[in-house]
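First comes one chain, alone, set out as structure tokens in the form predicted on its own.
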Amino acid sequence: MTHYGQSLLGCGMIDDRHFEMEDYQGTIARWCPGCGDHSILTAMQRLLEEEQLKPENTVFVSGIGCSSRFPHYMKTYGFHGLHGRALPVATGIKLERPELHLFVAMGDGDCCSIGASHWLHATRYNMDMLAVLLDNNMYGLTKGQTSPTTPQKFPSNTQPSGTYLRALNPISATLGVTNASFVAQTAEWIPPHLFETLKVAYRHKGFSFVRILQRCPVYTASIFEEAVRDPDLIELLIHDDGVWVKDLDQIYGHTFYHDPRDLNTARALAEPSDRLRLGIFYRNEDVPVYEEIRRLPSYTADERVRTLNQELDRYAV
């Protein structure tokens, strides 16, 4: 548990609390047994422990879907919003409270369908937050409908004979947006890679977009099954400025040395291949973050009320 202690220094206080993983654990997760969301939750709690993030200065925002239960399972501040609207809420939080540690959890329908326009503009704004796409290739919470990332010809409750269209590629789509600054992909069944990817993404200053390939044991159990069983179907993108996990290459023998500052190669690597590519596709520390470009004025509570009333008075009839 947390070890509390405070030391006086002059007129101020030094906060020397130390947090353990259980200090970030909220209510018991109610995902299905075998759901990949469980390992993602553990990795996220481990990240907060490693970075020693104060719970009162940390916020998780979500929309609607299985993955959007995330704020309930974290003992931090949280906002469980509307379907597809996690990123606008997160944008407002970051503009008003830029000092907070901000995380956004979305599913493939939440992000890539109803929330697609927000996803595009959040990438363009490049605000300092970590957005994770928990991609199980299906609408799981509403019981197995086709999502934008469902593989073509894969049967679902809405398209029983198989999905009509080719799947949307979230990595390619994000890399095509102006001001993209961090784009990565990992898999929940490889915990060391998952954790290291989240850690590097969190430490990036800007909009970090991480697609996490995630198994749904009920509706899409077969989609990633071969890749889970056969390491030969995984290719790791490695670089000194990327994700490197000790001894992982002894399990996954296919590696590609990719400089994440190379956008053209990143786009080429994002195209479908015989193997799932995991790692950092693109990273650019030079893209300005929006909350620093557009600094909001600081108001007292009375000034906020007065300014709001002045704005409303403009529309009085």
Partner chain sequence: MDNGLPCSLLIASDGLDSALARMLEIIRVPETTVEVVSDSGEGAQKCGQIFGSVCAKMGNGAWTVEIIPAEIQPPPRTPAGGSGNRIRFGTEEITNWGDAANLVVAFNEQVLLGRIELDALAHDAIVLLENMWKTHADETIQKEWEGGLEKIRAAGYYKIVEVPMEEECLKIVDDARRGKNMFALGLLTCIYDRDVELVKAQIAHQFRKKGKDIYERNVELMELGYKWASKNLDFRIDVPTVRSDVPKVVMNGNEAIGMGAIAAGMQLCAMYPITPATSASHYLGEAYDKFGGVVHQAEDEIAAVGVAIGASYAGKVAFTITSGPGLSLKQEFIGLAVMLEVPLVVVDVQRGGPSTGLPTKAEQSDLMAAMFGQHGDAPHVVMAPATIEECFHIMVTARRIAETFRTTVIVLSDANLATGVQPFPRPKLDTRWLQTPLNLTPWPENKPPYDWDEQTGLSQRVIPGQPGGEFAATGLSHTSWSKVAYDPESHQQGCQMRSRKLAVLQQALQPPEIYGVDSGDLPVVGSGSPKGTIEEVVDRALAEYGDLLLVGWGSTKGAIEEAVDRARAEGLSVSSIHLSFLSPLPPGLEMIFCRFDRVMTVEINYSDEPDDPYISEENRRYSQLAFLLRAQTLVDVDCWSRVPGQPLRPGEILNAVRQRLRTGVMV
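Given the structure is predicted, the values throughout are model-derived calculations rather than measurements. Numbering follows the first chain given and starts at 1. The term rigid core refers to the most C-alpha atoms you can superpose between the two forms while keeping them within 1.5 Å.
From this point on, the text means the form predicted in complex with the partner chain, which you will not see here.
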Self-check item: Listed residue (L233, L95, I238, A167) with a non-hydrogen atom within 4.5 angstroms of the partner chain in the model of the complex
Solution: L95
Quiz item: If you check G242, P191, G144, P88 against the partner chain in the model of the complex, which one has a heavy atom within 4.5 Å?
Solution: P88
Quiz item: Should L41 be counted as a contact of the partner chain in the model of the complex, where contact means heavy atoms within 4.5 Å?
Solution: no
Practice problem: With heavy atoms only and a cut-off of 4.5 Å, decide whether S117 touches the partner chain in the model of the complex. | Solution: yes
Quiz item: Looking in the model of the complex, any heavy atom of V228 within 4.5 Å of the partner chain?
Solution: no
Quiz item: Just to confirm, G78 within 4.5 Å of the partner chain in the model of the complex by heavy atoms?
Solution: yes
Quiz prompt | Listed range touching the partner chain, judged in the model of the complex by heavy atoms within 4.5 Å, from 203-211, 174-182, 103-111, 121-129 | solution = 121-129
Self-check item: Residues within 4.5 Å of the partner chain in the model of the complex, restricted to 299-317 and counted by heavy atom
Solution: Y299, A301, D302, R304, V305, T307, L308, N309, E311, L312, D313, R314, Y315, A316, V317
Quiz item: Is there a C-alpha shift of 2 Å or more at E303 between the shown form and the other one once the rigid core is superposed?
Solution: yes
